[in-house]
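As structure tokens, one chain now follows by itself in the form predicted alone.
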């Protein structure tokens, strides 16, 4: 077990007690606490089949308004062409276009992306409003070859590969919770990011684990996700 505990930092996931109960080993990254692993030697293989990871302490932000697309572009952000798609940035961050006027910005898995800090420090342009997604939404990831089949039990959108391509975004219901689902594959492994209101964090985690049980899905740490890339 790591000597690092979530209570040593001011910002931690709402799920930290559940992680501790599962024997999680935590890592500290620039003041962020993440689940590194749960101590299983087969965690990487688990992530390739069906894994669930908590990314809720990684940086993220958002912007909305008629001027938002032009403003973020002026800051060096590469925007996807169409709504409900996403684009990887030069620093490995991710930008999802939720509508023509609303953007979601996510860090890379190593939290090394400088884009979010830069955008948050800049004064927003006219008709542009900041949306503090780190405070409003949790961030989970479901990975593996059985992920789309598992989602068929609890998601209103068909997430199978031939229906929901890599880099597509869906704003839908997952376990009856309004969610943003982003397909962002890690190497050759399918990965779905799920962002939901923070009030539903524990509910969604439990529902996903329940839905995954049929397929022997289990929680995995961020170390396994990084190894997929």
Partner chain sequence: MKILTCPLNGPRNISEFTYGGEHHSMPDPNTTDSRAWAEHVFFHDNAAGIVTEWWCHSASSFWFLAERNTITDEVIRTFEASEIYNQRIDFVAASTVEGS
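These figures come from a predicted structure and were not determined experimentally. Positions refer to the first chain, counted from 1.
This protein has a second form, the form predicted together with the partner chain, left out of what is shown; the following refers to that one.
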query: Heavy atom of residue 157 within 4.5 Å of the partner chain in the predicted complex; finding: yes
query: Contact flag, residue 99 vs the partner chain in the predicted complex, heavy atom cut 4.5 Å; finding: yes
query: 4.5 Å heavy atom contact, residue 178 and the partner chain in the predicted complex; finding: yes
query: Exercise: residue 170 in contact with the partner chain in the predicted complex, heavy atom 4.5 Å; finding: yes
query: Proximity to the partner chain in the predicted complex (heavy atom, within 4.5 Å), stretch among 85 to 93, 99 to 107, 115 to 123, 68 to 76; finding: 99 to 107
